[in-house]
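First come two forms of one protein chain, each written alone as structure tokens, so that there is a structure 1 and a structure 2.
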Structure 1
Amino acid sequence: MGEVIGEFKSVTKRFGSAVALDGLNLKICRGINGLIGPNGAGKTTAIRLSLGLIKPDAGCAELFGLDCWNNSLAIRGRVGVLYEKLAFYDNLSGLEQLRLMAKLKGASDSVVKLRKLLCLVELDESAHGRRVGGYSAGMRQRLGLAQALLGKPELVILDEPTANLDPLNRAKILDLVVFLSREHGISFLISSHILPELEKVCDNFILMNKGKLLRQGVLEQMLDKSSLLSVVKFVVRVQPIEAVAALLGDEGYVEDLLVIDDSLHVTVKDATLFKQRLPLLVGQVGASLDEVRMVRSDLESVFKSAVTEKGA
């Protein structure tokens, strides 16, 4: 998963009788992390706790090797945040808004540097002097991202960064996140319900439900675990196709078998057993195996499988 820059160790947080985090263990890695889970999973509580805004009842949360509660000011100096609900002074210009936030954060308020930052998030010079109240939704989101980047943070937390944006502006925000991560070395923790978007940009995923970690890892690891929970489809190119198809038809783990063009489309209940048995069957009839390809699941499938598995 890459270098770990943050970790929750058996973190529990209660609000009265409600348990928001229940012995939560997770790792935030360098790169782009996707934080996913259904409503009420504890994502917002985890974010607030990582910023030192609330104190855990048990366990320990760390960022950059520092305790999030005891060293919250030091941590917030190294973290930028874009909240889901943006709040600006609409009578200020974009440049004035950014300069005010820079002063409050103790970051450089150099006009030259702030203009460069606005251009970095694709707010051109014509927007710098325009009142924020006249910005479009996409422009306001980019201004919020510029605020989060003040002080050159090592980690930026984005809470639903593409909510309420049209498809074009959603794509622009995500492209910008990838650019900032790859070219400027900034890590991200993105909480979002738009899973296909996260699938395109994230290096690491954290799947939560009911205050607990269900799964964590790169997408390939998540998909491998998902494949063990339900039927999986493979496409097999082999010659002679008829002989192998006849043998597969007698295998108890095979749910469905179709010959389409020059390929076998095999649906199985046990992917691991299928991978073990296929070479043996091919060798049994002296066939030539050209390709085996799993029909790829997606992040939404992983999400549904994991949450269903845990009885959510």
Structure 2
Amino acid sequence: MGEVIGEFKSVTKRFGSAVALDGLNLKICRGINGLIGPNGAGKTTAIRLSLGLIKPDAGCAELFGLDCWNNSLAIRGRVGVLYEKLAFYDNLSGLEQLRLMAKLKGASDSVVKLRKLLCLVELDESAHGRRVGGYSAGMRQRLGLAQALLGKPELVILDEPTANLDPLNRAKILDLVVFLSREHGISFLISSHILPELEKVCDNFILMNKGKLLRQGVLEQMLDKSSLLSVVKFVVRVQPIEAVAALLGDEGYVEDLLVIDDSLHVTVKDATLFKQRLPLLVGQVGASLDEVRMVRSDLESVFKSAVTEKGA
């Protein structure tokens, strides 16, 4: 993990009887941070809290060493944000909207610079002068992203930044995020449900569920933890395949079993036990074991196993 620029210390937030954040502890690091969790995990509440839009009931949230509620103005000057729910002054044109936001952020409102920024997020030049109310969802998304990048922020928070974009444009936006992070040193906190995309771009991951932190770290750390704690997949090449498959099917630790071509795809709850039992089973039917390979789990499987763990 890189340098810590933000930290939540035992933050609790309730809305009536619903607990949105339950003693949340997390760290936002320099670089690209992926914030993941199922719906209702408290991701958006955490984002709002970090911008001083809501006040924690207990605990402390800090960005750049400043308390998020008491120093929200100073923090908002250093942070750009794109919310999932996009809202603009619909009677203004895209360029006017961006100019207004530039003035509010104390950034340069030079038309040339703003047009460049709109082009950077690939908003057609013909759309710059059109009313935002007439924009498509994708165009609004791009305008929102341009708005978030105004005034060279130190941290950009993106809540579902690729939600309204096609796969091609999603890739472009993520490339832009990587470029801005590597070349301009801008840190990002990206909340998204499209995990394979996050896996490609993020340096650090924060996995939340039910208002709590489940795991945090770089991808390798997340995957290691996953392989120790939960479901693991193996590909086994064995002859004759049917006899071994029948025996494995009766083993209690086997979650799922598929025969694909000449391989067995086995999902197990206990990898150690599987590794001990497999040679015995193969020997029992006089089969020959050609290959056993563990399939590397991905962020999606980490996510699934973590949120379905007991008590998670």
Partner chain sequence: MSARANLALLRAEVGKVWASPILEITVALMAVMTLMSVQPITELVRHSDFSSVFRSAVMGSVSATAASLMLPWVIMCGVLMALSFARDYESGLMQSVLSTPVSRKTFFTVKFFAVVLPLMLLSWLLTTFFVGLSFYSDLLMVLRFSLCVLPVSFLSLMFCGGLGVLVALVVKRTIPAVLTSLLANFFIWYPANIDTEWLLREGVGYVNYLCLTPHEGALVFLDRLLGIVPMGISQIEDALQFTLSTSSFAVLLIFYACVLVIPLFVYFIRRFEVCE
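Being a predicted model, the structure only gives us computed values, none of them experimental. Residues are numbered by position in structure 1's sequence, first residue being 1. Basically, rigid core = biggest C-alpha set you can superpose within 1.5 Å across the two forms.
The form predicted alone is represented by structure 1; structure 2 is the other form. After superposing the rigid core, the Cα of residue 289 is displaced by 2 Å or more between structures 1 and 2. Superposition of the core reveals a Cα shift of less than 2 Å for residue 166 between structures 1 and 2. Once both forms are overlaid on the rigid core, the distance between the two CA positions of residue 73 between structures 1 and 2 is under 2 angstroms. Comparing between structures 1 and 2 on a rigid core frame, one finds that residue 111 has its C-alpha moved by 2.5 Å.
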